[in-house]
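Take a look at this single chain, the form predicted on its own, given in structure tokens.
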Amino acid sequence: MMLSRTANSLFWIGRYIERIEHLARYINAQYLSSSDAPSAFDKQLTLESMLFMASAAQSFQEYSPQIVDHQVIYFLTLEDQNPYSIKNYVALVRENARGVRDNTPTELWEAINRFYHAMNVFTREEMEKKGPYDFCKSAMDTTTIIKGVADNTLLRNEVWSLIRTGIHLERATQITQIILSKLQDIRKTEESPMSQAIQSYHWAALLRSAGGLDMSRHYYGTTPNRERAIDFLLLNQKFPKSVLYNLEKLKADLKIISNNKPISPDSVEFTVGKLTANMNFLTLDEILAQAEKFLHDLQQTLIRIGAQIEQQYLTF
């Protein structure tokens, strides 16, 4: 039987890897796409959006009195004093991976270790000179490689399922946060004379931030808008970043971890199953009628699921 400490490390490897990818992708997409935004677009909103998505607005206020682009980028990527910077998340992945080397293949440890050393090569001077593209692209590419190594080397057992549980829960959480970030951005620009053009930019930026712009255009055969973007990222059953897709996968992974034990009403399996069933029978109109409230409620449920997983399987 696996130790709870080992299970905890595997779960958080999955969560941190997914968190790194989404934060890097959001910073990269927002920073680059802001140069293509309508002329009336306030670039300051891009920086505020990054901080909101990373849940770092308050901690950045304590770090710097002004929101300046190079300071925000550095704070979210390389700042040692920010425990939620990408660099520190990579260190946490490596630390967790070190503790489970007996349970995972050497190839996975080597990929994670290379990631750690690659991230430590980047400097503040280089970031300020070149911008975040190289750093974020390296983070996105390497997290994809690490997940590919795990996919191709791990037995389909509880080790695999614990990592995947972390990935699918974190992905659903991050996608929810990204949509909330964009809804907030749009609300801030509703009074602009170019509001419609800015909103079109935001919906495309939302899908790009989730790695889904091209597939959304392919799926709908047209440009993104509010309805199509939210439907694609919340309810699409074929897109691997959608919340519903990840809830279905999370449910399957928990079934393996629990060894098919009967589901009780106080179990995390019950909570996930109920949420997945509700999402399967939700209509887009129901979501859009109270979009931000729905997303906040969904986010709280996902947080509760994370706490239940820890209590049920990871407490030691």
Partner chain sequence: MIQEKYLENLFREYSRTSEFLDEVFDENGQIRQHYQRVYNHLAKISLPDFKYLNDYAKKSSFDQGITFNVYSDKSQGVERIFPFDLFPRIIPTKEWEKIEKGLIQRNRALNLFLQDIYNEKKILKDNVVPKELIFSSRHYCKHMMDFVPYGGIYVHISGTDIIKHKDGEYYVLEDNLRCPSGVSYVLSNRMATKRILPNLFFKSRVQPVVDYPEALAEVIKSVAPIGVDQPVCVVLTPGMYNSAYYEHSYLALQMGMQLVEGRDLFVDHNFVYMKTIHGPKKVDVIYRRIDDDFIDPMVFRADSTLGIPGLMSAFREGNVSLVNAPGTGVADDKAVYTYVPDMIRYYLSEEPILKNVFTYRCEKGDDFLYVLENLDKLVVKPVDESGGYGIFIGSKASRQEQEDFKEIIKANRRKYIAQPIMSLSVHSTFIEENERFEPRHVDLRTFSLSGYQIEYVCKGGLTRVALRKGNLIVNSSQGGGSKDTWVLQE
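Positions refer to the first chain, counted from 1. Keep in mind that this is a model prediction, so the values were computed, not measured.
Beyond what is shown, the protein has a form predicted in complex with its partner chain; the following relates to that form.
Review point. Using a 4.5 Å heavy atom cut-off, which stretch among 137-145, 91-99, 216-224, 166-174 contacts its partner chain in the predicted complex?
Key: Every other range fails; the passing one is 91-99.
Review point. Here the chain is shown alone; which of Q237, N120, Q196, Q81 has a heavy atom within 4.5 Å of its partner chain in the predicted complex?
Key: Answer to the contact question: N120.
Point to revise | Candidate from D151, E190, E126, E110 lying within 4.5 Å of its partner chain in the predicted complex - any heavy atom | key: Going through each option in turn, the one that passes is E110.
Practice item. Verify the contact flag for Q184: yes if a non-hydrogen atom of it lies within 4.5 Å of a non-hydrogen atom of its partner chain in the predicted complex, no if not. Key: Answer no; every heavy atom of Q184 is more than 4.5 Å from its partner chain in the predicted complex.
**Study point:** Residue contact check: Y116 to its partner chain in the predicted complex, 4.5 Å heavy atom
**Key:** Within the cut-off, so yes.
Practice item. With heavy atoms only and a cut-off of 4.5 Å, decide whether Q66 touches its partner chain in the predicted complex. Key: No, Q66 is distant from the partner.
Point to revise | Exercise: T104 in contact with its partner chain in the predicted complex, heavy atom 4.5 Å | key: Yes, T104 lies within 4.5 Å of its partner chain in the predicted complex.
Point to revise | in the predicted complex, residues of 255-290 near its partner chain [heavy atom within 4.5 Å] | key: Residues within 4.5 Å: I257, S258, N259.
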